[in-house]
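Listed next as structure tokens is one chain, alone, in the form predicted on its own.
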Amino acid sequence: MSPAQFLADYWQKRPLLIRGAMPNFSDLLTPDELAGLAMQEGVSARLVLERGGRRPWQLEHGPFSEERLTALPKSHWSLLVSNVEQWLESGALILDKFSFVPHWRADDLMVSFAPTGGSVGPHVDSYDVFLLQGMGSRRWQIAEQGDRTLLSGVDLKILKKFQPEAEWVLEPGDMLYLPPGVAHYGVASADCMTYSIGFRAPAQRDLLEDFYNLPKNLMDLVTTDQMYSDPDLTLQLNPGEITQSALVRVEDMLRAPLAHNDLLGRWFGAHVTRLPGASKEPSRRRMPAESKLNDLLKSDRKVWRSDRSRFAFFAPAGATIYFYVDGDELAVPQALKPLLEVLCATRCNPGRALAAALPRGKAREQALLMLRQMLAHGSLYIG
């Protein structure tokens, strides 16, 4: 099945089981290494205990101690680590396999380990997710209809009455796609690793609050749980671009026709690349000398886009293009568009590839300065 066919027939429409989606898939890390990540400061890790805790479906947040993890029961728990792409380049490359969806829609790669019987319970997500099976096996049950009442008195949003409509056992390399709103319940048939590739959708309430900067007393009047949706998504030439069709959907959500579409695009570019909850600290790196950068651009050394950064560009009609890195906007001339396309489309590029995208004349000087600043800030780094 081609990506175009998948988008037309399944994306945000119906589930799809893909046997052998990644043949001979090899786990990116071992269960012990995942546990090691969960013990580190700054790593988003959770532990879900269906049994063996002080209460059913107990939720604990990391970082965890070695003593806590070694004291876990033999079954019926799950360890989940989010944003694994920030810690493993191989995790970031997994996300790149899904670039038929625009980059700004990608959320993270979450990796979970569960012993036999481990689960996080039947639940519903408000976002698209691909569930790729690593080692072991997991039984998945889904329900597109049914009661959505939640259990009371538990830490998680778990469905009280779950009636499965279909089920499969996924083996290594198999993958299940689920659009938003499909209830699902995964239970480890044997010790297993699962890789969840999630795609975020801005909520209408968040868009309204950020764009109009409404005070709290006005935002309290906004009662909506609508999420951004794009069931008519088609393949685009560059997954790093914020397209006009995406902006039309956002404008509909804002319910305010704007006289200047550039304003909407520029606000949205900053909004979707801003890292949630991240406080920007001055970089301690030095700006590389121009001669060092020129040597790099003549070589095959790899220049990586930081997996802690989000990139996008917005190219309205006119002489100016807007480039976004982690919520910051940089206005550049049209001559820099080929360089922006390379930076936004591909996570890793040899220096020669960046050099080939550089413009001539005065715009080249601006492009070189921009690259030096990005290396100094850490949004780009040399492998």
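Position 1 is the first residue in the sequence shown; the rest follow in order. Model, not experiment: these values are computed from the prediction.
From this point on, the text means the form predicted in complex with ligand SIN, which you will not see here.
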In the predicted bound form, N83 touching ligand SIN (heavy atom, 4.5 Å): no
Ligand SIN contact in the predicted bound form: L293, any heavy atom under 4.5 Å: no
Contact flag, V120 vs ligand SIN in the predicted bound form, heavy atom cut 4.5 Å: yes
Distance check, M110 to ligand SIN in the predicted bound form, heavy atom within 4.5 Å: yes
Candidate from N238, Q204, S196, T243 lying within 4.5 Å of ligand SIN in the predicted bound form - any heavy atom: S196
Listed residue that, although ligand SIN is not shown, lies within 4.5 Å of it in the predicted bound form (heavy atoms), from L264, L131, M227, L233: L131
Region of this chain that lies against ligand SIN in the predicted bound form, out of 165 to 173, 205 to 213, 110 to 118, 96 to 104 [heavy atom, 4.5 Å]: 110 to 118
Triple contact flag D125, W140 and H184 to ligand SIN in the predicted bound form, non-hydrogen atom at 4.5 angstroms: yes
